[in-house]
Ligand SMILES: Cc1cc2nc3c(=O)[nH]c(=O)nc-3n(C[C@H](O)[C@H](O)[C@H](O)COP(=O)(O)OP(=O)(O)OC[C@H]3O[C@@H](n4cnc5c(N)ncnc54)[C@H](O)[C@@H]3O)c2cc1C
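The chain below stands alone and is given as structure tokens, in the form predicted on its own.
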Amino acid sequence: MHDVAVVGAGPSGLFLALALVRRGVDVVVLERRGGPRVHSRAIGVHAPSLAALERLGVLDPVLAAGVRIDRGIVRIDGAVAASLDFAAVPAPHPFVLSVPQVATERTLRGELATRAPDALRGGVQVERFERRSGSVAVLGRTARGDALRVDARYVVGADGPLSTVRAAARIRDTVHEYPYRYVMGDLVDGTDEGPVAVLHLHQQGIVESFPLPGGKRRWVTHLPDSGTVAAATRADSGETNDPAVAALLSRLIRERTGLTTDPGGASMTSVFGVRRRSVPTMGDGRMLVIGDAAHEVSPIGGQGMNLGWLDAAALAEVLPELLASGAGAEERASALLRRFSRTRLRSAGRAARVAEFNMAMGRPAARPGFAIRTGVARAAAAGVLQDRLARMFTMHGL
């Protein structure tokens, strides 16, 4: 009997497992994939997450693998229209770290393997759950097809938007699809922007670019109307390295910014839509959910991975107390979980509103609307609003 079974070894699941192991909790992590990811995925690590990674004892290798972004600028027709400095953010780490998710997962996996060598089990397909009075049985199959049963006092789903744990716990989710589609890619950095985040405002849609380690740069922009792009870009592609998508991205960058990029140097491409997923609670008895399993927000703004880490950090504070509770402590346990759920869902709601603001500011617009948006961007990055924007974009307070 394990104390906690975590389903999913993405960033949230690995963080939670490591945080619990450091507290002496017996944890097993069940992951469908047989090995680590290949492509970069999420890249932005914000100030609250940097502090959480420091408490976990893994900040130094994460910092060493990334690029520190201290400043963001807005360009219109190539000229700087606004600038945002993160140095004034009242946090131990007043910057955003750009580091591929594969690198942070590698660090978390390595530290977990050192502290609990048998905790992570890859190639496991979780199929169903059986609830008992004081535990949950997780039933599934190994990569070889052998039946697997894991018993734990608590089960935590860190298994993404289509969470099997959420479904089994009968936690209702509400999904809102936004009418936006984006194309993204990691290309060789041929700009002279350095370690600066750059937002190019354009009537056909914002073009975002962020520095990456290894001389790369992440680019994201709106897809044109579906009638003008290849059929292959009309459905979410996941993260691949598609030459046709890279060529499309480079063309859109050139048309909207005047900058030339090399599609042949792409190391990742993706086409994706955006949605918001919310739940009324993050737990039902001994089955809990964190990260995208609980609240999915638009990736525009780079908040999703950070929300998952902050969920994990908060839950790691609660679970040891739940595990230490004896018989008859159900009311106390329920109150602790309600408080955890309420606090984290409130943070997710704020993050979703920030993401909606980001999407609204960057969507295609007719000339009058674009002129208004340009004025808002110039005004918002000046004077007293600058500190508030810096806090918002570094997830301060979440």
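Residue numbers here begin at 1 and follow the sequence given. Predicted model only: the values in this text are computed from it and were never measured.
FYI, the form predicted in complex with the ligand isn't displayed, but the following is about it.
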Using a 4.5 Å heavy atom cut-off, state whether residue 315 contacts the ligand in the predicted bound form. no
- Message: Is residue 42 part of the interface with the ligand in the predicted bound form - any heavy atom within 4.5 Å?
- Response: yes
Exercise: residue 186 in contact with the ligand in the predicted bound form, heavy atom 4.5 Å = no
**Message:** Given that the ligand is not shown alongside this chain, does residue 265 nevertheless sit within 4.5 Å of it in the predicted bound form, heavy atom to heavy atom?
**Reply:** no
Of the candidate stretches 23 to 31, 64 to 72, 345 to 353, 51 to 59, the one with residues having heavy atoms within 4.5 Å of the ligand in the predicted bound form is 23 to 31
None of 201, 198, 124, 253 but one has a heavy atom within 4.5 Å of the ligand in the predicted bound form; the exception is 124
Exactly one of 304, 283, 205, 211 comes within 4.5 Å of the ligand in the predicted bound form through a heavy atom, and that residue is 304
Residues in 5 to 40 that come within 4.5 Å of the ligand in the predicted bound form by at least one heavy atom, in order, are 7, 8, 9, 10, 11, 12, 13, 30, 31, 32, 33, 37
